[in-house]
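The structure tokens that follow cover one protein chain in two forms, given apart as structure 1 and structure 2.
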Structure 1
């Protein structure tokens, strides 16, 4: 595909924002400022950024528990995101939800259940509404290679296929479901794409370490969906750089393999492309890093200064 310089720069900025957000999340957690656990999305950013480069105003989004930075790309402010993550009243759920629940419906984000896959049908529900309205919008739903083995995923796929709902199922295959390698947890090599045929859906497998490869595959599939031809599956092959959660020492995997995968850095690949094409120079790259880092530091300072949720407030908005 041919790309404008503007498109490449926008894609790079979104990729860099996700990378720096995920790094900042790890660093802030290490300082003891985040209650509970976090699930780092480092290494998998291209899957989300490349796919969402096809988004249009009016689409719906069902995110996952990794690459929390996606919420910021979709509209949630850094201040709101970090406040929620740090259990402050200024978060989108007043600090009640935490890192897995950075979401706002006003940006067509459908929320997320920490019980993986049980809510994947929400994307189908949103798609049904879009189909009823007769518009070319669609719903995106992200899930992992481990989640791909759960029953609700297949129920959602089957229903979407039967009713030709405008849904893109995006399998972020980072090769581990908690500590189980995909080869031990799935009967097929591509747990997302290989199962699409059972439901009569087209699918593609993309290099999840290359944001442009992901975008091109996503563009072909979203064009199919927006044309009213029904759902599709995109699988992005990458590698989870860190453990399932911060503190996971990853004794179940080979450090040398991890180091080799980390050399396939989606951000570094994009920077090389932009430098080779002379679209940007190193000084401009360094400046972008600093600007985005400064934004995040200000957001974290805002969250730290915000009032924390109290034990009495955790029961607000619950119904008996």
Structure 2
């Protein structure tokens, strides 16, 4: 596929924003500034960025617990995101939801459940609404290889297929469900794509460390969906760089294998491409790193300085 420089730069910037956000999340958590648990999306960025490069105004999104940075790509400000993550009033839910619930409906984000999979049907519901109103948009729903084995995923796929709903199921196959390797959890090599056939859906498997490969596969599938032909499944194969949660020392896997996979770095690949094509130079890249980092530091400082909600506000938002 031929790409404009502008498109390649947009993909690179989104990829870099995800990478640096996820790194910042890990670093900030290590400083003890984030309560609860975080699940780093490092290594999986291309799955989200490549897929979402096909998005159009009016589409709906059901995100995943990895790559929280996606919320920022879709419109949530860094200030709002870090405030929610750091449990402050200025977060989207005032710190009542936390890191797994960084979401704003005004950006057509449907929210996310930390149960993994119990929210998978939301995209089908949003797609129903689109169908109901005769709107030519679609819904994206992201889930992992571990979640791929849960019943709600299969029910949601069947429902979307039988109702021809405009939904793209995106399986971020990072090869581990907590500590369990994908081969121990699924009887098929591709826990996302291989299940599509059972519901009469087309599917693709993409190299999830290559943002352009993901984009091209997503483009073919979203063209199918946007043509009114029903749902599809995209599986992106990558590798989870960190443990399931921060603090997981990953004794269940071989460090040498992890290091090999980390060389297949989606951000580095894009940098090489942009440098080779002379679309950007190293100084400009360095400048982007610095600028994005500065933005995040400012957002974190804002969140730190923001107040938390008070006990008097604990019931707010429970009922309309």
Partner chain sequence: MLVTFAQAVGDAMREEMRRDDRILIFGEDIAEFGNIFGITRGMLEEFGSKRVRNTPISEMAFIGAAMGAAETGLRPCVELMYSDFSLVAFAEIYHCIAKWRYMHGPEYKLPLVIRSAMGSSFGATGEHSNCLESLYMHSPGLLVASPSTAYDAKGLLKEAIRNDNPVMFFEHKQLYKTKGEVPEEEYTIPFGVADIKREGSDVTIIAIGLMVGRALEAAEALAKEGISVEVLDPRTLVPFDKEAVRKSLSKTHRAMVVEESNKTSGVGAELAAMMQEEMYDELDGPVVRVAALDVPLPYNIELEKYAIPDAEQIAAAIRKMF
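Take the two forms, superpose them, and find the largest set of C-alpha atoms that agree within 1.5 Å; that set is the rigid core. Note that the structure is predicted; figures quoted are calculated from it, not measured. Residues that one form lacks are left out of the comparison. Numbering follows the first chain given and starts at 1.
It is structure 2 that shows the chain in the form predicted together with its partner chain. Once both forms are overlaid on the rigid core, the distance between the two CA positions of residue 15 between the two structures is under 2 angstroms. When the rigid core is held fixed, the Cα atom of residue 300 travels less than 2 angstroms between the two structures. After superposing the rigid core, the C-alpha of residue 6 moves by less than 2 Å between the two structures. The shift recorded for the CA atom of residue 312 between the two structures is 4.6 Å, with superposition on the rigid core.
Shifted segments between the two structures, defined as at least 3 consecutive common residues whose CA atoms all move 2 Å or more after rigid-core fitting, occur once only, at 309-320.
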